[in-house]
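In C-alpha cells, one chain follows: the form predicted alone.
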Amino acid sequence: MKRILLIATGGTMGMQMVEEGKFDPTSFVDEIFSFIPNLSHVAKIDVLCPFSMDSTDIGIPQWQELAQLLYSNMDNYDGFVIIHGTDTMSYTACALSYMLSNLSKPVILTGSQRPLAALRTDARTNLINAIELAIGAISEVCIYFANKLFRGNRTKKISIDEFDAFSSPNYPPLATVGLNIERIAPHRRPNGLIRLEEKFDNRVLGLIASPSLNPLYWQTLLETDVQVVVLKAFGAGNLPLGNQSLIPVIEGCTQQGKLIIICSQCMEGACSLDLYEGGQRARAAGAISAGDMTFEATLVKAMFLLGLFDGNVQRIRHHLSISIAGEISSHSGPN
C-alpha cells in the first residue's frame, strides 16, 4: 500500500464547532480518521502538524519549515498532502514549487471553505481526493480544490464563499476528478536529483495602480530598502502618463538599482509592455513585465530570486522570465 504524509498546518478544514455557527481552530489531527474512516483504505497515512495557524500568518519561516520537512521525507513516502488555509494557499504553493527543484513526488495542498466537522462541508471530498491524487504520478506542487487539480504556482483564490474557490487563469487544470480522474494538461517531470533552495529576501513590495493616485505617495519608495516592487498595472501593463504618471518614480527606482516588475490587474492574459504608450514608457524607464504569471507567483518569485542571488537585483532582471517550475509560459517573456 502506498504511503502518504499528511501535513496539517491549520486553516478552516481543521476548525472545530464550539457552538452553532462558531468554530475554534483547534488541532484536529487525532480526529481526521473519525470524520473520514475510509481514508485508511486509500493509503497508509502518517499525520504531522508542524504548526497550526491562520494562513494569513504563514510566510517565509513556515515555507522553509515545510520545504525542509518535505525534502527530508521524500524517500519515505509516495506522496504528500498539506492541509492549508485558503487565503494564502497560492503563495505557499508558489514558494514550495520554487524551493523544491526536480520534485519527483506529488505535493498537494488542499483546504476547505467549511470545516471538516461541519455537516455540509467540502472538506471531506477535498481531502479524500487530494490523498488519492497524491498516490499518483503528478510530480508537482499542486492545489486540489472542488474537483480540480491545479499547478500550484498558477492559481489564485477567486471566491470567499463558493466551494469552487480557486482558479488557474493562464494554465489549464492538470486533472479533473469526477467518476474518473481525467488528465488534462501535461505535468512536469524531474530531470535530475531533487534540490532544496531555502533562501528568501522579503525586501519586495506589492503595489497597485489606481485612477487619480498621487504619485508623490510613491516617492517614499526611494527612501526605503525595498529592492523589488511588483506593480499591478491596468490591462496589459498600461500606466497613466498625465498628472498621475508613475514613470518618474520608475526612473528613480531604476537609478537607485531597484526593480519594478509589472503585472496585470486582470485575471487572464499576459502582461505586455509593447501594446500601449504607458507600458512602453515604463519599460524605457527600467520596468520589466511579469508575462502571464499571477501576482502571487511574481511576488514570491521575486523574494525567492532576491534571496537566491544574495540581493543582486540585476540578476533578477535577467532570470524573472525563466521558468522555475512552470509558473510562466515561455512565450510571455519580459517584453
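Here the structure is a predicted model, which is why all the values come from computation and not from measurement. So that there is no doubt, residue numbering starts at 1 and follows the sequence shown.
There is another form of this protein, the form predicted together with aspartic acid (ASP), and it is not shown here; the text below is about that form.
**Student:** Pick the stretch from 66 to 74, 286 to 294, 305 to 313, 53 to 61 whose residues have a heavy atom within 4.5 Å of aspartic acid (ASP) in the model of the complex.
**Tutor:** So the stretch in question is 53 to 61.
**Student:** Here the chain is shown alone; which of 170, 167, 129, 113 has a heavy atom within 4.5 Å of aspartic acid (ASP) in the model of the complex?
**Tutor:** Of 170, 167, 129, 113, the residue with a heavy atom within 4.5 Å of aspartic acid (ASP) in the model of the complex is 113.
**Student:** Can you pick out, from 87, 201, 78, 198, the residue that has a heavy atom within 4.5 Å of aspartic acid (ASP) in the model of the complex?
**Tutor:** By the 4.5 Å criterion, the partner-contacting residue is 87.
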